[in-house]
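Read the single chain below, which is given as structure tokens and is the form predicted on its own.
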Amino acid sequence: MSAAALSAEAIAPRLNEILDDCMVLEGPLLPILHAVQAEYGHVPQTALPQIADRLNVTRAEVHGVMSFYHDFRQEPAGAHVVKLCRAEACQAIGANRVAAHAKKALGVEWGGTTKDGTVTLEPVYCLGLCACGPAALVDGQVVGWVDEKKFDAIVGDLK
């Protein structure tokens, strides 16, 4: 569902269910944001006032938490998400070169989605694969020893 189609009225019934489910938790904001993103593929801006109201916090506080954590999206991601490790260990063995190639090959910057909606490219800071770097996370699956050729093969398989 596109971000434009998610009016406050359209999401209110399901958002109320999510809020009801999560309000029993201690510190429910993060679980709420995760559940909303799981439901819609991102956290629609139209959901923030309802979340803030239910939690008795400001919309700015909800937005601040959402924007602090890099995994929350304000717009839907592409059909596939490729995250490239940006940590120092991967950078030391070629991650900067792979990142530059990836951005050029896809025609996007960090957080961008290809024009056809196929791939979203995101940075991630350490996947714990330092011995196998440069590393990537492709649709939740870890991939080691990523170079430009392997990146092209990965993206080719996604299309």
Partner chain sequence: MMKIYIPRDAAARAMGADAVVAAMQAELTRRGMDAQIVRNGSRGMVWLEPLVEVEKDGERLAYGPASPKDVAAILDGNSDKAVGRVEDIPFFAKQTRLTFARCGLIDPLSVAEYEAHGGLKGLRRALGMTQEQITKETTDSGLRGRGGAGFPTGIKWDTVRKAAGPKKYIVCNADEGDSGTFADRMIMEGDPLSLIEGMVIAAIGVGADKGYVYLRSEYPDAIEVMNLAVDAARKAGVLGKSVLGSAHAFDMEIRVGAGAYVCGEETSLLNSLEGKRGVVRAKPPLPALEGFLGKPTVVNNVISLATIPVIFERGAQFYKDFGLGRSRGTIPVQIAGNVKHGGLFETAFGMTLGQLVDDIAGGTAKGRPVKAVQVGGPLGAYFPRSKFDTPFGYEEFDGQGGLIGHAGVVLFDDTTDMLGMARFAMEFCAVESCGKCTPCRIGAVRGVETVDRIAAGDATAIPLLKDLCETMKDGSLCALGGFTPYPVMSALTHFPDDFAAAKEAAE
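Source: prediction; values computed, not measured. Numbering follows the first chain given and starts at 1.
Keep in mind that the form predicted in complex with its partner chain is not shown, yet the notes after this line are about it.
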item: Non-hydrogen atom contact residue 89 with its partner chain in the model of the complex at 4.5 angstroms; value: yes
item: Proximity of residue 59 to its partner chain in the model of the complex, heavy atoms at 4.5 Å; value: no
item: Residue contact check: residue 13 to its partner chain in the model of the complex, 4.5 Å heavy atom; value: no
item: Interface membership of residue 18, its partner chain in the model of the complex, 4.5 Å heavy atom rule; value: no
item: Residues within 4.5 Å of its partner chain in the model of the complex, restricted to 26 to 50 and counted by heavy atom; value: 26, 27, 29, 30, 31, 34
